[in-house]
Each structure stands twice: as structure tokens, then as C-alpha cells.
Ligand code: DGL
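A lone chain, given as C-alpha cells: the form predicted alone.
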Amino acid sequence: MTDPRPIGLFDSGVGGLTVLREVVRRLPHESTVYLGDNGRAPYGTRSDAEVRQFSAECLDELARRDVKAIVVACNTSTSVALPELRRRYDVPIIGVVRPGATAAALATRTRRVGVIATPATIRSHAYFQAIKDENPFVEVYEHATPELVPLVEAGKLRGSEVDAAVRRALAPFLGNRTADGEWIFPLPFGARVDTLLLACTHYPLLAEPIRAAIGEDVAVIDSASATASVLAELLAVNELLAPTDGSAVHVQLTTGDVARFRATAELLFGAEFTAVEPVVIPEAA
């Protein structure tokens, strides 16, 4: 059996486009509807109650568009609201926490993983628990980095302002080297991580300055590719894959500034995804 209905993807803003890019690459025959709640971003500094409310309102919009599965491509929403969202809808829903945690636990060689995320995601300790579930011997160092999402939403991805903000955000993971290249300890977290998990889908858009700041000897992991793999398996198991003889259709929606959203989408997709539509989200019942 096949199912031509689109996949729904939701994020608080443009960050989830990094997940969408991997989904399109992995599943080229699938149609998609992406909804970015840019008008109310960032979610990471909001209360848990607001995150749950806004997430439900956005998923209601995707459900009205008859999607066959939903990817909550927002770490804050996944961390705070995923169980409630799964109870609310009949379609399969996957988040980004578990795939990212699995990838980080597999990547680390020294069993020391750093996690950067929004304050709400860090407050939930969702990644700490998910990584420990994968490997209880991994040391997990969580750090909130609220300064980064507003930069991405404003379209600031390169330059001296971004470099300075990234270094401030990563300060607990950075140390000084001796003349022969050895690290000087102790660092604020007491240990040098060998893996840094970008636990917000906005952060891969800052991957270049993050890698420059953290150093070549630290693996930088994001959840986009792993999430796309989980989605592909879910669709196959549930016989929801689209027919291979059809043409995929991609719709992008934003509650915020259309021109700003389109500019970020063009950075990731070129001219392929320039059609961006404004949407007004009604309050959830």
C-alpha cells in the first residue's frame, strides 16, 4: 500500500528547515507541509504551558491539512509537549530528541557529551535522560544557550557578531591550550567533551561558527539526519510511503515575516522552495 498524503513538519521557526532538508533528501517522493511559528518564536524562553499550547495550535493546523505523519522538528516542543501531542492526534508523531540522543551516544569515544539547547529544553532534561537511556555510562553536560535562536530567526548566520555570540554560548566547553597543544583543566564543566550535540534545530544553521569555536577534535552532532531515518522507517512499517510515480509537492507556511522566512529557506534549498505562504493560527480548543 502507498499513501500520497503529505508529511507535516512543525518548528517554532526556521530551525526545522534543517530537518526538512534531510527528509526531502532521504524521501524524495514524499510531499511535505512545513509550518514555522516564527511569529511567536523563540519557544525556548517561554513557559512549558505556552509551549504546549502553541505546539497544539500548530499541529491542529497540520492535522486540518490531512497530513499522514507529523515530525515535531522543534527540540523545545519535543522535550516539553510530545506525550501530550501524541495523545491529541491519531497520526504517527515523532520528535527530534531520541534520534539526536542516539546519534550522540554512538559518536562519543570518551563518553563525555555536551548538549546545547534552549532554556526550556535544558530545563526538561530530556536529552540527559535520552542519552543515559542509550548508554548510562556517558557523562552529559547540559548548557542553555538562549542567545542563538534569535540570531538565526533574524537571519544572522555569519559575521563577527555571530562568532562572538557563539563563543559566549560555548564558553563552558572551551578551554585554553598550552604551547604544545594540550588542554588546560579544569574547564567549567570539569572535563573536555569530545562530542557536542546541537539540541535545537536552529543551531545547525550556525554549524560553521560552532565548529570553528569548539575545535576540530570535537564531533558536532545534530538530529536532522537521524530523524529523517526514523521517519523513513516509520512510514515503511506503517505502509505510508508515497507512490514513486508521483510528483512531490512542498508547502511552507509561516506565522511570521514571509520575506525573512523565504531568505533562510533559499539558503538551504536554493530556488526549489521559494513559495512561502503566511498562515494565521487559531487558538486551540
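This one's a predicted model, so the numbers in the text were calculated from it and none came from an experiment. Note that residue numbering follows the sequence shown and begins at 1.
One more form of this protein exists, namely the form predicted together with ligand DGL; it is left out here, but the text below deals with it.
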Notebook entry, point to check: Quick one: is residue 44 in contact with ligand DGL in the predicted bound form, heavy atoms, 4.5 Å cut-off?
Noted result: yes
Margin query: Is residue 131 part of the interface with ligand DGL in the predicted bound form - any heavy atom within 4.5 Å?
Written below: no
Next item on the list: Although ligand DGL is absent from this view, report whether residue 115 comes within 4.5 Å of it in the predicted bound form, heavy atoms only.
Entry: no
Note to self: With a cut-off of 4.5 Å between heavy atoms, is residue 200 one of the residues that contacts ligand DGL in the predicted bound form?
What the structure shows: yes
Notebook entry, point to check: Which listed residue (196, 149, 101, 71) meets the criterion of a heavy atom within 4.5 Å of ligand DGL in the predicted bound form?
Noted result: 149
Check: Which one of these stretches, 87-95, 72-80, 104-112, 132-140, sits within 4.5 Å of ligand DGL in the predicted bound form when only heavy atoms are counted?
Finding: 72-80
